[in-house]
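Consider the single chain below, provided in structure tokens and representing the form predicted on its own.
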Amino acid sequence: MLTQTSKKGDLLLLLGFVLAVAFGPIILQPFGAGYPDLLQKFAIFGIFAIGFNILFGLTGYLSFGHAAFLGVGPYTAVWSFKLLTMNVVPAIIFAVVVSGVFALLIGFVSLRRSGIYFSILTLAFAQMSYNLAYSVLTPITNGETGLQLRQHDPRVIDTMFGINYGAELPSTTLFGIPMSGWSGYYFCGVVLIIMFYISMRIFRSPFGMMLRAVKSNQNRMNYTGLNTRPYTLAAFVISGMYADLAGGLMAVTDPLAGAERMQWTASGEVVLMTILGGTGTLLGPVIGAGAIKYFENIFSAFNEGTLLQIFSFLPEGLQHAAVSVAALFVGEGWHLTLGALFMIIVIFLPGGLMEGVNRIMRLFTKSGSGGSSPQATAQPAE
């Protein structure tokens, strides 16, 4: 009976997630976030955070190098657009395959250590990738300029089918559907739903249970003779493929690849997303990614003119004083707001935003069952 209840709960969770993605533009419109470019970021970084959560949330291995995979994805996708076709399907497939091999190599070396040593190793690999993209691999990455589309790119598959883009710079498509605007968002949204479902299956599988055991006490498992390395390596590779898929989707919506996406700040950002939303939960990383990207795009857009309008009801002296203080937390200083929010969440909600959601749900559950009899309350759940 518990298994049936769990399956029903997962089905309801997935259904609610699908509805949230489908009606996201309507739901977020009152909050000023109902436009496709920002919603695409929500979906892409949601995938990035979900993948990171499979590694960090289930095994406890904290990687500071996931920006390397996020950066490899756009390079692979843009090369697919340049050499093969502007159709996004081959680009996504190649991005995931290349990332799997790349993550396997990095994970094989990094997972020889655990704890802070593992974190430093992954950070070192990410910085090496960043510097290589700017120096040795310039013929592949185009260095500081970044990899861009050109009119004279071969695009072999498009040429075979007689597709001619003329003098215009081609744009990405899904079998003729342009991957910009709302069609681009819903493509990213469908991929997000698929990856969320895969994450849910991993969490509920024996493989996911083994990863939780690694997080609980890996040394004890090793003492019993069980080799945990294949499980942690598999989690690392899956997590890297999620990150590279997110990077590939960045190139799908904006066909440009640059080494700046490999900076260590991107790795730190996905850590914040996961912890802010709720480490080890299914929905938490998606919520955390949406919250950070919302603050980044909304609060960073506030300028002095906007603040003057907001505080226009104050006397002139107080108005300028309020603008001076508020300017520290918005615009270029929006990271200060993010830091304050992160501190509040860590102090009062150690389990992230999902802990707050669970507390609210428990309050409603208690109030809803307040009139029930003690006998009914005491009965065990089936």
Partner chain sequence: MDAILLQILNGLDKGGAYALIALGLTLIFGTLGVVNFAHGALFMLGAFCAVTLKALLSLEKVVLDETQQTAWGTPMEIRTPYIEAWLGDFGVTLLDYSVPVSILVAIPIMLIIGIIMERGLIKHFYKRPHAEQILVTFGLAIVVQEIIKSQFGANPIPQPAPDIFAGSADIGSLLGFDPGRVVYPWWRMVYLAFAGIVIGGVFAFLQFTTFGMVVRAGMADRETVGLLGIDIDRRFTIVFGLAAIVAGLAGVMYTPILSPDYHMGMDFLVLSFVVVVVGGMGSLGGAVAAGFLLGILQSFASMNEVKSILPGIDQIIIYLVAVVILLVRPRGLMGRKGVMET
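Numbering follows the first chain given and starts at 1. Just so you know, these numbers come straight off a predicted model, no measurement behind them. For the two forms, the rigid core is made up of the largest set of C-alpha atoms that agree within 1.5 Å on superposition.
The next section is about a form of this same protein that is not shown, the form predicted in complex with the partner chain.
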Fill in: Stretch in contact, per heavy atom within 4.5 angstroms of the partner chain in the predicted bound form, of 183 to 191, 96 to 104, 112 to 120, 76 to 84
112 to 120
Worksheet item: Among 308, 233, 124, 301, which has at least one heavy atom within 4.5 Å of the partner chain in the predicted bound form?
Response: 124
Worksheet item: 318, 346, 325, 27: which sits within 4.5 Å of the partner chain in the predicted bound form by any heavy atom?
Response: 346
Discussion item. Just checking whether residue 314 would be counted as a contact of the partner chain in the predicted bound form - the rule being heavy atoms within 4.5 angstroms.
Written reply: no
Worksheet item: With a 4.5 Å heavy atom cut-off, would you call residue 237 a contact of the partner chain in the predicted bound form?
Response: no
Worksheet entry | Contact test in the predicted bound form: residue 282 vs the partner chain, heavy atoms, 4.5 Å | no
Discussion item. Can you work out whether residue 132 and the partner chain are in contact in the predicted bound form, taking contact to mean some heavy atom pair no more than 4.5 Å apart?
Written reply: yes
Worksheet item: For 248 to 282: residues with a non-hydrogen atom within 4.5 angstroms of the partner chain in the predicted bound form?
Response: 264, 268, 271, 275
Discussion item. Superposed on the rigid core, does the Cα of residue 347 end up 2 angstroms or more away between this form and the one not shown?
Written reply: yes
Worksheet item: After a core superposition, would you say residue 338 shifts its C-alpha by at least 2 Å between this form and the one not shown?
Response: yes
